[in-house]
Every structure is written in C-alpha cells, then in structure tokens.
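Below you'll find only one chain, the form predicted alone, shown as structure tokens.
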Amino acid sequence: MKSFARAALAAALLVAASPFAGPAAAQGTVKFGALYPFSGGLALLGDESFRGFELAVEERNAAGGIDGKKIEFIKGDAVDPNQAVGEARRLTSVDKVSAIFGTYSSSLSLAATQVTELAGVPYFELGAVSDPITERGFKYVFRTNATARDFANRMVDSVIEAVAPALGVKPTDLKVGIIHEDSLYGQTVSGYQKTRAKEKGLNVVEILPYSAKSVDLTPVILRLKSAGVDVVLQTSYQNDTVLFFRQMKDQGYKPKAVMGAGGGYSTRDTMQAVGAENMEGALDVDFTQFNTNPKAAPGLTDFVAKYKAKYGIEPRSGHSLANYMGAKVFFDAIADAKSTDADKVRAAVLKVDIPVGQTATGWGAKFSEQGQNTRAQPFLMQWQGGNLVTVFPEAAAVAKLKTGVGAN
C-alpha cells in the first residue's frame, strides 16, 4: 500500500509540474472554447468560420496535438453581444478553457473579449475585422486576419489599380458611390473608404447607409442611378446583398462595377440566391478564397481537399480558410510556449515570424504589441461563371478581371 501511495503521489506531482497542468491535462487534453454565431442571422458564416477551426483541430490532433495533449473544444453560441458575453463567461469560469477561438462578427468579438481580458484568458480572433478589437490596449487578444481598414483600402486601391485600367478610363473620371449597412461593420469599413478615397482623389458622389434588416433598397438604388454612379462599393451581409442585386435588376441599374467588402459577397449561397448570371462580374475584396493560385498560398489545395472530404461540398466562403490558417498559427504559438499560461502564450505569439506567401491564405504572420497580425491582406475576387475567383494581385490571381455586372 505504501509503494502504491508513493507511486500515486509521484504521478500527481508529475502532472502538477506539467506546463499544461489542470483537469484537462490530467485527461491528456488541452481545452479551448469555440465561440461563434451558430444560430440566428449570422449563423451561415459563423458555421463556415467554425469549420475552418474544426479542421485545424482535427489536423493538429492527428499530428499528436499540442505538447502531446489532444485538443478538446467546447462550443459557445453567440447570437448577439449579450449572449457573447454570457457564453464567454461560461467558457472561462465554468468550463475553464485555456483560450477562446472565434468569432467572425466584430460586435460579438468586442463584447466577448472584454470578458476574457478580465479573466486573463487568451482570445484568438480569426475572422472579425473591426479595427478596435486590437486597439484597446488588451494584453491577451490576438487576431490573424486583416482589419476593416485593410479591406477599405484594398477596395479603394482596386478601383485605381484594377477597375479603372480594365475599363480604360482614368480613376478620377469614375463616379463612386459608397453604400453600407449601418451596424459597426458597415460604419467602420465605409468610414475608412471615405478617408482613403479622399486621399487618393477619387470622386465619391454618394455615401448611403441603410439598415441590414431593410426589405426595400429601392431608394438607395434610385439615388445611385440618378447620381450616375459608375462604381458601387458595398459593405453588407447576405440578406441585404441579395436584396440589392435583385432590386438593382428590377430598376434596370447597371453600374460599370460593383464591389463588396466580403460579408454577403463571399458566399455561394448569395450567388445561388441572386443567380449566377445576375452576380456575374461582381467584385469582392475578401479573405482568400479557394480559387486562388496555390503557389501564392501553400497548403490551400490540401485544405480544400480536407474540407470536401469532411463536409461533402466545396468551401462556402473564404471564412473557413481564414479560421483554419489562424488556428494553426496560434496552435503553433501555444506549443512553442510549452504552456497555456497567458503571459507565456502572449510572449510566444509576439515571436511568431512567418513571411507573406507562406500560409494557406497567402498571408504571413507577425503580430504587433496590440496583438494584430501586420501581414494579412485581403485579395480582390470576382464572380465569374458561378465561381468566386481571385483576380488581383497578379501573383495570387487565377483569372483576368472582367468588366460589367450581371447578364448582358
């Protein structure tokens, strides 16, 4: 009995000495939270984002996990900011997760990260774009994806570098209209678009906000039409994107170019709801899509194969790929930290140094003191023949940019 007691004590001391010590470690696992909108109006892209995280977990576990411990994740459903707060509290205080991954929606992320920061639990944002997420001086919030400012700048710059040359006109000769849903997402992106357009000397003739829950965008479309807007820059979710394209057709409005900021423009579901012929030529500045040159995004082809094998379809948007890439970067950082201690994880994240073009998204990874990846840039895509293909920059492109929007 004494020898058995000594052996048990030795085993307990060994577990206690482990950098992954705790209830999860005792069971040979590292426990994380997966906080996404799995229900409600944001569920489509919330679930698509989660799929990328899930694939990264399965891949890591198949390779032995983190420091020999398998990853276990607990899902949290964040329908709105209040629920995001509640779920973050549950995951950190009841489930005792070592970190939370998420979240796709900026408003949800902003709410949830206030909880995790107070709890001293790392929060890894893999998809929300609002700049303030990593501008509040938080120590334990980190983000791999590009920000709203990056999206806005790429959109405005694409008008100058890609759209105007394709149309054979000077950028300053184009009349630009900025329209956006009026939540944090739309307000943030459109604000940066306005600033960038002024810096670049573009002629912005309309800036029109609207409710994402609107059932009639005809007034917006008629304003654009009467102003003779050539290029529309829209920041939208799925429902308002579908509504805009349907009513744009109803009103006979045919701008020379329409460009979205991810969101509703990025999903096959939107294209199918609108009709491939009506979405033909629509541009989208977005997370890397699977129709991208794999030479610029090593690992992309393997990701798509794994996605199709697990879910039976092609990726529905680039959100899954962005979450997959981001989760892998953070898993590696946690493994390098050899601990789930928040300060050690932070130190490891700040040491990450991956050059651009060395991940499945084509992004690199280098984090600022604020926790923001400074090497993530969205690409310019276009709907062609029912597929969203990369057209700019040239190194990542798989097709040439076409002019015109919708069926001719």
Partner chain sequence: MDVLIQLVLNGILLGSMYAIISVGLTLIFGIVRVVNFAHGEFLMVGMYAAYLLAAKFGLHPYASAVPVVLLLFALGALVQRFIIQPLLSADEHIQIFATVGLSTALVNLALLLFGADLYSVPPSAAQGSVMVGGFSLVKGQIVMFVCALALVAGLHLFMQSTALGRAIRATAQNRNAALLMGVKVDQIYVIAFGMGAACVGLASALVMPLYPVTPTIGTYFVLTAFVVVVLGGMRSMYGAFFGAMIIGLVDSLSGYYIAPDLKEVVYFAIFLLILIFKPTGLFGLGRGTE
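Numbering follows the first chain given and starts at 1. Values in this document were obtained by computation on a predicted structure and should not be read as measured data. Heads up, when I say rigid core I mean the largest set of C-alphas that superpose within 1.5 Å between the two forms.
One more form of this protein exists, namely the form predicted in complex with its partner chain; it is left out here, but the text below deals with it.
Q: State yes or no: in the predicted complex, is some non-hydrogen atom of Lys213 no more than 4.5 angstroms from a non-hydrogen atom of its partner chain?
A: Yes.
Q. Is there any non-hydrogen atom of Val169 lying within 4.5 Å of its partner chain in the predicted complex?
A. No.
Q) Would Pro165 count as a contact of its partner chain in the predicted complex, using a 4.5 angstroms cut-off between non-hydrogen atoms? A) Judged by the heavy-atom cut-off of 4.5 Å, Pro165 is well away from its partner chain in the predicted complex.
Q: May I ask you to check whether Leu202 falls inside a 4.5 Å heavy atom distance of its partner chain in the predicted complex?
A: No.
Q | 4.5 Å heavy atom contact with its partner chain in the predicted complex for all of Leu44, Asp250 and Asp269 | A | All three within 4.5 Å in the predicted complex.
(Q) By the heavy atom within 4.5 Å rule, which residue out of Lys96, Lys194, Arg223, Arg149 makes contact with its partner chain in the predicted complex? (A) Looking at Lys96, Lys194, Arg223, Arg149 one by one, just Arg223 meets the 4.5 Å heavy-atom criterion.
Q | Residue (of Ala333, Val115, Ala296, Leu208) lying close to its partner chain in the predicted complex, criterion heavy atoms within 4.5 Å | A | Of the listed residues, the single hit is Leu208.
**Q.** Candidate stretches 100 to 108, 139 to 147, 235 to 243, 282 to 290, one within 4.5 Å of its partner chain in the predicted complex by heavy atom
**A.** One stretch meets the cut-off, namely 235 to 243.
Q: Once the core is aligned, please say if the CA of Gly120 is shifted by at least 2 angstroms between the shown form and the other one.
A: Superposed on the core, Gly120 moves its C-alpha less than 2 Å between the shown form and the other one.
**Q.** Core-aligned C-alpha movement of Arg316 between the shown form and the other one, 2 Å or more
**A.** Not so; Arg316 is displaced by less than 2 Å.
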